[in-house]
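For reference, the chain that follows is the form predicted on its own, supplied as structure tokens.
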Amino acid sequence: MGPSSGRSPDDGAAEPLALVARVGNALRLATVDALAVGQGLVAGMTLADARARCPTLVTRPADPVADALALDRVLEAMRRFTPMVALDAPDGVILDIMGCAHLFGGAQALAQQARALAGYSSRHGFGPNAMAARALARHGERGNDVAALPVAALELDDGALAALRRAGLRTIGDLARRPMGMIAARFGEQAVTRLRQILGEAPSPIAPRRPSAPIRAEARFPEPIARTEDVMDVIEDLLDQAARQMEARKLGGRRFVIRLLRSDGARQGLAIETGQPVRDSAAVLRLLRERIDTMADPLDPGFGFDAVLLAVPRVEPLVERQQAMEGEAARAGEANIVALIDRLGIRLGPDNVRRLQPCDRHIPEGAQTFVPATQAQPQSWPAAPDRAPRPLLLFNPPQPVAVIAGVPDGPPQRFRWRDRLHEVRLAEGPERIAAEWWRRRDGHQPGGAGRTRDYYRIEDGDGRRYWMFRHGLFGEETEICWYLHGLFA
């Protein structure tokens, strides 16, 4: 399977794309798409050589972590076809479909369904064993003939492959016709092992990833229970059981689902989500009580509940933390904030409680974004000690103002905003912020980057302070506009 490309809709579809990673002191292509291959680009080439061959090459930084997560999602999706699924590093998966291919219309039909389910372009191969299937998928071009594969399918080191080619051995078939003893003596034991695995003469087992057992607990009663407090006691006991299961796996729950089975066959459900992984049953029970209090139709036991089921469908790693003498108060404060966010999320809805998260953007209005507080990962705000102060309140988009300046490229002396004229008493600046030329397709061309902003900190006669910018440079732009971007406290 191919890794995620990272191409955005603005990039269009006509330009070659490559992911770039730093190797040593050089930037090299980590992955290229089909258009880039058509231009003669290959993974491992330096970015400078690639630019020389293809000036229109679009690049994005390689993200191995995101690729690994995407590959994990593909692996989990492939469980629909067979439970024997294993990763085939660095960018593939191996499926043991022996005995189950006919359920999906045959091997080729299964491959088409798997490609559609994964949502990626891919190459596949069918072989009698895992090594042969991998070699056919990565090096095969003429059906399932293993003997026709090049010797590169053995995936030996460069020295061994060069020695094979110098000896005139181009294909697996050429090598298989030689005595194994001679191959081992001249090219090493590993060449013999790989050859025998591809030919099926030696085992090439896979290590399928087994799905983790779900975190669940349940209680069934000989007589129905009807009191809400009794139900909550049972739920607390189930939460303790789930906490012990999670503690054994060093996990914490992010989503807890309760099912209440009534004696008349009706079912009721409760679900809560937490901002951080937890396994403290008391904290989860408090959130459940909050959820019950907010329900328009509280728990209706009818003739009583026969069973209570608990599931924790979403879990994340949670490692025990040793208490420290210093910084414990700050950690307690963070825990209180997380608990407050959880309670507000229960009351108001998880998507209505949001927090700011920094973004790697140059333009002020794009340097942060709102995300649901329960989904945001706590991270420190980037410090900029050399940067001039910025207001807490920003207008997005900036509001246009009419400005009179003493000199064309000087600070404003008077401006009109919201039908009111303001006389400028103090002005400081400018702080020049260039446009994000690297985000524009024609940003490398003169004038293609967009307009520059010159920011001023302004104080009017009433002592109010503003953050304004001039959009464009005198001498380069025919029309210069001013905008009010923020208010200082």
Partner chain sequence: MAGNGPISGARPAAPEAQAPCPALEQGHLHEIHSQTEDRAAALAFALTHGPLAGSGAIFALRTPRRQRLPTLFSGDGLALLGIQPGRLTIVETRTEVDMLRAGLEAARCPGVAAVLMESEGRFADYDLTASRRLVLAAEASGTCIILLRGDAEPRSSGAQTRWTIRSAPSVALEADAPGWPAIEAELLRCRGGPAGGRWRLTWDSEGGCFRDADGQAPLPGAVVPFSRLRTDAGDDGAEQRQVA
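Positions refer to the first chain, counted from 1. Note that the coordinates shown come from a computational prediction; the quantities given were computed from them, not determined experimentally.
Although it is not shown, the form predicted in complex with the partner chain is what the next lines describe.
Shown here without its partner, the chain carries V37, T59 and A109, none of which come within 4.5 Å of the partner chain in the predicted bound form through any heavy atom.
The partner chain is not drawn, but in the predicted bound form it has no heavy atom within 4.5 Å of L299. Shown alone here, V353 lies within 4.5 Å of the partner chain in the predicted bound form, counting heavy atoms only. In the predicted bound form, no heavy atom of D442 sits within 4.5 Å of the partner chain. Contact between P222 and the partner chain in the predicted bound form is not found at the 4.5 Å heavy atom cutoff. In plain terms, the part of the chain that comes close to the partner chain in the predicted bound form, with a heavy atom within 4.5 Å, is 429 to 437 out of 43 to 51, 59 to 67, 29 to 37, 429 to 437.
A single residue from the set A86, I341, I235, I97 has any heavy atom within 4.5 angstroms of the partner chain in the predicted bound form; that residue is I341. Contact with the partner chain in the predicted bound form, judged by any heavy atom within 4.5 Å, is made by just one of A213, V319, A248, L348: L348.
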